[in-house]
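To begin, one chain is listed below as structure tokens, in the form predicted on its own.
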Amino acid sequence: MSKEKIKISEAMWDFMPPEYQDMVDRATYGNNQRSWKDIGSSKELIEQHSLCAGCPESIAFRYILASLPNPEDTVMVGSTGCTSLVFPHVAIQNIHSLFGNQNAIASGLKRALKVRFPDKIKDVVVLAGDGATVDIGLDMTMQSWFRGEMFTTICFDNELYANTGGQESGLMQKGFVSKMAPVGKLFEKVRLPEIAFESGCHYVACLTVSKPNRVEKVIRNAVLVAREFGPTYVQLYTPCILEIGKQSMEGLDEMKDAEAIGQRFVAKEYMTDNVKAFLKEQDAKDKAAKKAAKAAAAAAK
């Protein structure tokens, strides 16, 4: 989607809602320097949502959308869950899949886009919860990695089924008690990041969304690596504050506690040697581009 596609006919301008006018005036479509810092002033990717107040998923969603290298040519594949309530508010092409089959849908979509647009980069990004990724959809998730499908899978790890009452998921902590898991989880949290890397993912990251700069870098890395090498996986801790007994303002503290040294969400990355070299080169290009943009802005004053 380019900025031309959201342009308003001059004759129709006065009839369009002020929100749409504002979107056109301040859209960041086509801006390669877009970042999470634009969230407060540019709203065409996501302005509002229907999630609970203080929900970490809403924070993660904004950071992800602002971090996509090319949202104009990105298709996101979602699954049943809290995230499916947000996709109708998102100004990026998206598909809603059945619960668990999101990676199968994304596999066919990515291949079809390559045939339909052979000379254009079309990114596919899967976004689903822990139930759809590691429980009900684990087979289709892993099979896409085994086949080397060239798209990114992002898991919002709530550590339980957030939108259906708090049932136990494979990513729940051992011993954790929730409303619909009264005896507590009996086995350890599934080590999906390590499994992903062992299953053929070229780049894997596990972190919380408490630090926007880090989230932006990881999402960008994952999408760029998927274009060049193959499947990538990102696991983001987005706790359901209601189901774990927290107040709406305590989501950020919960994530910070989980990423402290020795805790289960200390930020970690896995990547192949080829990817490591690729990302180092990409970092150098990004720094040069930012330097050039800064110099151009200074010259224009």
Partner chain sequence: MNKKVDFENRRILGSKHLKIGETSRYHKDQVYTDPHEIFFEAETKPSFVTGSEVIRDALKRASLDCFVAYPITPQSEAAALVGELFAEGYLGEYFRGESEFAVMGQCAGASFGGARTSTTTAGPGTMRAMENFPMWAGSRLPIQITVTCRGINSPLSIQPDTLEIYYLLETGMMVWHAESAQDLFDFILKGIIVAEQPDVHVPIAVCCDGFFVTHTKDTVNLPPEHMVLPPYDPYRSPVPCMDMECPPVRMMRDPFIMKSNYIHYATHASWQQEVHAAVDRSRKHANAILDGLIETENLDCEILLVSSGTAVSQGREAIRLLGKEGIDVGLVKIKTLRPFPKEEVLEATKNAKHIIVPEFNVTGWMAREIKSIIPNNERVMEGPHVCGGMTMPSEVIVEEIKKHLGLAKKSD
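For the two forms, the rigid core is made up of the largest set of C-alpha atoms that agree within 1.5 Å on superposition. As the structure is a prediction and not an experimental result, all values here were calculated from the model. Numbering follows the first chain given and starts at 1.
Unshown form predicted in complex with its partner chain; subsequent notes refer to it.
- With the partner omitted here, the stretch from 190-198, 115-123, 167-175, 204-212 that lies within 4.5 Å of its partner chain by heavy atoms in the predicted bound form is 115-123.
- A104 belongs to the set of residues with a heavy atom inside 4.5 Å of its partner chain in the predicted bound form.
- For the chain shown alone, Y20 is a contact residue for its partner chain in the predicted bound form, at least one non-hydrogen atom being within 4.5 angstroms.
- At a distance threshold of 4.5 angstroms between non-hydrogen atoms, E228 is out of contact with its partner chain in the predicted bound form.
- Its partner chain in the predicted bound form is approached by L98, whose closest heavy atom lies within 4.5 angstroms of it.
- Annotation for 77-91: interface residues with its partner chain in the predicted bound form are S84, L85, P88, H89, V90, A91 [heavy atom within 4.5 Å].
- When two forms of a protein are overlaid on their rigid core, residues whose CA moves 2 Å or more are considered shifted, and F278 is not one of them between the shown form and the other one.
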